[in-house]
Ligand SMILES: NC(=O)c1ccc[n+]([C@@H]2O[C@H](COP(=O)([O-])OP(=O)(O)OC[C@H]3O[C@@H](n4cnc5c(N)ncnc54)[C@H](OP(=O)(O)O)[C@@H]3O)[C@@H](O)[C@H]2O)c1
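One chain comes next, on its own, written as structure tokens: the form predicted on its own.
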């Protein structure tokens, strides 16, 4: 089992939601945690405050959808902790809209935030990451099962799933494991906005689209991230956490 205590972990997009839960979970395991936000500095500082209850960390404001942002994040991580062992590529946005209605600005925003951030950060941190490290990326059920109004979002998440496979092969010689997590709707602001977009209540979503009768909680995703980081025999895999939604075929129209 991979030992997390004393390791340095970077979690992009960790000002709130799933990223915050993962950052706190890693801090509880004794990792030095680098919290990252693009704009919401107050949220980042709040996450850092929670992290510091269990371990030490820093907060870095950087736009990881750009190469410069990922370089800045990597440099500040090394300045503070000297090494990096764990990268969680969590930054992302979810926007529902008919494919034919998307303009160039929105297309570029979704691709840069959801996909290019994973590419840039995996490159910049992969160059400096200690051997026997771990990278976890946040995909989505939408990258596996097509969902109405989530075309471009789903395309970027499908790319992340394949990216985890390719990087697992390329980084295997250094024993760096690469995996992804594909959740369905999670009870975060992003998840709640999707339910609102569908014009249904949370209770209706749970009854109609899940087999468990419950929405996924952020801490369930952080548990999965911890499992993938600690499990030394898992690489190039995507863990689906969807309350059975993939079986129901929900959101397909």
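Positions refer to the first chain, counted from 1. Here the structure is a predicted model, which is why all the values come from computation and not from measurement.
Missing here is the form predicted together with the ligand; even so, the following discussion is about that form.
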Practice problem: Check, residue by residue, if 15, 65 and 186 all come within 4.5 Å of the ligand in the predicted bound form, counting heavy atoms only. | Solution: yes
Quiz item: Among 134, 77, 90, 180, which has any heavy atom within 4.5 Å of the ligand in the predicted bound form?
Solution: 90
Quiz item: Of the residues 40, 49, 208, 214, which one places a heavy atom within 4.5 Å of the ligand in the predicted bound form?
Solution: 40
Practice problem: Given that the partner is absent here, state which listed stretch (186-194, 23-31, 224-232, 49-57) has heavy atoms within 4.5 Å of the ligand in the predicted bound form. | Solution: 186-194
Quiz item: Is residue 120 close enough to touch the ligand in the predicted bound form, meaning at least one heavy atom pair within 4.5 Å?
Solution: no
Quiz item: Does residue 85 reach the ligand in the predicted bound form, with heavy atoms at most 4.5 Å apart?
Solution: no
Quiz prompt | Contact flag, residue 164 vs the ligand in the predicted bound form, heavy atom cut 4.5 Å | solution = no
Quiz item: Does the 4.5 Å heavy atom contact test between residue 153 and the ligand in the predicted bound form come out positive?
Solution: yes
Quiz item: Within 134-165, which residues come within 4.5 Å of the ligand in the predicted bound form, counting heavy atoms only?
Solution: 138, 139, 140, 153, 157
